[in-house]
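As a starting point, one isolated chain is supplied in C-alpha cells, in the form predicted on its own.
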Amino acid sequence: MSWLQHLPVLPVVIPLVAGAVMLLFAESRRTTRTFIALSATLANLAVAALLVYVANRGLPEIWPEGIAVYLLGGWEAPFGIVLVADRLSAVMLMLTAVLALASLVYALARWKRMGPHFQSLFQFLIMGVNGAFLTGDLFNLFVFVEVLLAASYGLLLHGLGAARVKAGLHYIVINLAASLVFLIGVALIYGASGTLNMADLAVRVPGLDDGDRILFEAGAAILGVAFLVKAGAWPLNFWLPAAYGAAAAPVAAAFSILTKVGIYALLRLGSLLSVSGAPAPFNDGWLFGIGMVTLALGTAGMLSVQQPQRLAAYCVIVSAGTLLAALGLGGEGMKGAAMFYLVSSVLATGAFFMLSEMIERTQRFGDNAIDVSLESFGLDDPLDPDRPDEVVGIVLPAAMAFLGLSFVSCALLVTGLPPLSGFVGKFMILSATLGTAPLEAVPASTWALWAAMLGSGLVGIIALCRMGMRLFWSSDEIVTPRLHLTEAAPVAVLLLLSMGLTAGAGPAANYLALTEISLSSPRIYIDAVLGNGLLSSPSNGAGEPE
C-alpha cells in the first residue's frame, strides 16, 4: 500500500500528534514547541495541497473519481469510521491550513505567551476543523466539532482580562447549548434511519415509511438549527461580535474559519439529502430568509461599533449572511460563486483581525481596546522607554504606510469593491442570481439579494472609511507602532493571496464550478464511500439518488 493512500487521515493525525507531543515539554521550552508547531502546520499545508491535487483527479491510479476515501481500521462504511476528501473538503482544508499558518506565525511574536498550552490548543483546534471537513458520518462530525469547540474555549479565554472572560463565558454557554441540540438531532436521525453515515443516509431516507420520515424530518430540522448556530446565523449569533472582538488577534483570525464549518455542513448534508427533498433548515426558502436578516443586521452592526476588531467580527456575520442568502436563493453556478466568496472572505477577515490589533497600537496607551491585550499580558505602557523591544517589536520602516495600505486592502475585500477578490466573489454571486432568465422574469427575491449585497457594501465602506479616518487622520496623538516582522508578514501574505485569487480567478472559478457539479451529483460521492456491493438495494426499501 502506498503512503499516499493515508493522505485523508493526515490532516487529523498531524495536529493531534503535534499538540500531544508539545504537552510533554514545559512552557520554558518555547523554541522546541515553536519548531514542532511550525513543522506540523507546514506539513498540514503540504497535505492539504496534495488533497486538492487528488480531488482534481491528480492520482487516478488510487482514486479514479478524485474522491479520496479512508476507512479507519479497515472497517467498511457505513459500519466503520470513514474520512472523505472530495473537492469541497479539499478546498476547505487548504483554506484552513493557510489561515492556520498565518495565525500561528503572527502568534509567535508574543501571543504564544498568553497562557499555558497555547500551541497545543491551537493544534487541537486545527485537528477539529480538519476532521469536521473530512468526516463522512454525523456522529464523528459532532465529535470533531466538539474537539474544535473545546480548543476554542481554551484559546478564547487565554490571556485573561474581564472583557475576554465575560465574552468567553457567553460563547461557551451558547455553544454548549448548540452541542446539545446537535446531539439530539443526531439521535433522532439515527432512530429513524438506523444510520449516521451521510452517504448511507442519502440512500436510506427515500425508503423511510411515513412515521420514520416524520421523525427524520424532526431530527434534521434540529440538526439544521445547530448548524445555523455554528454558521453565525441570526438570531443565534449575538455572541459572535463580543467573543471574536475580545479574543486575542491570532485567535480571532483562526476563528474566521469556524463559522464556515456550519456553512460546510449545510452544503454537504443539503447536497446528499436533496434527492429526497431537503428538510426545512436545508430548504432554499428558509436559508434565504435567515441569510437576508443576518446580512442586514450584520451590516447595521458595522455602523454601530468603534473598535476595529469588533468591526471585523461583524464582517464575519455579513459574510455568513451573504453565503446563507446566496445558497438559499440557489440557481445554476451559485454554489461555485458562493465558495469563491467564502474563500475570499475568510482570507480577508483573517487578515483584518490581525491588522486591527496592530492598528490599535497607533493610539496612545489607554485610548482604546489595546488595554485589554496589554492587561492580558500584564504589560506596561508600550511607550515606556524602559520596556524591552522584544515584547513590542521594533519600528519597521514605513510601518504606517504598511498599516494604511493593508487597511485599505481589507476594506476593499470585505466590502466587495474592485479590484480585489471580494468584488469578484460578489460579482459571481450576483451574476449567478440572474442566470439566463430575461429581466422581466427575475423574481423579487433576486432583486432583494442584489439590494442587500450592494447596500451592505456601501454601508461597509462608510463604516470602514469612518474608522480609517479616526484611526489614521483624526487623532493628534498617533504614534508609530512597534511591529514584529512575524506580525506584519502574515497579514501581507493573506492580502497577497487575496490579490492572487483575483489574478487567478479563472482557474479558481473553474475548480469551484466542478465542486458545484459534484455537489449536484451526489451519486459519485455515495458510491465512493459505500463501495461496490454495500449500497442499500431498492429491494430493501431504499431509493436510488441520481
Partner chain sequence: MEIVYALAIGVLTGSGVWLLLRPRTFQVIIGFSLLSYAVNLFIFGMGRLAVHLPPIIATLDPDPTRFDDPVPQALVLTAIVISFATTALFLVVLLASRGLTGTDHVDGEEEPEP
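Note that the coordinates shown come from a computational prediction; the quantities given were computed from them, not determined experimentally. Positions refer to the first chain, counted from 1.
One more form of this protein exists, namely the form predicted together with the partner chain; it is left out here, but the text below deals with it.
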Is the partner chain close enough to Lys166, Leu176 and Ile184 in the model of the complex that each of the three has a heavy atom within 4.5 Å of it? yes
Please tell me which of Val143, Val305, Leu430, Leu458 lies within 4.5 Å of the partner chain in the model of the complex, judged by heavy atoms. Val143
The unique member of Ala401, Met469, Ala162, Ala444 whose heavy atoms fall within 4.5 Å of the partner chain in the model of the complex: Ala162
Just to confirm the contact call: exactly one of 81-89, 419-427, 311-319, 186-194 touches the partner chain in the model of the complex at a 4.5 Å heavy atom cutoff, so which is it? 186-194
Might Phe238 be said to contact the partner chain in the model of the complex, defining contact as any heavy atom within 4.5 Å? no
Partner contact for Leu180 in the model of the complex: the partner chain, 4.5 angstroms, heavy atom: yes
Partner contact for Leu157 in the model of the complex: the partner chain, 4.5 angstroms, heavy atom: yes
Considering only heavy atoms, tell me if Ile172 and the partner chain come within 4.5 Å of each other in the model of the complex. yes
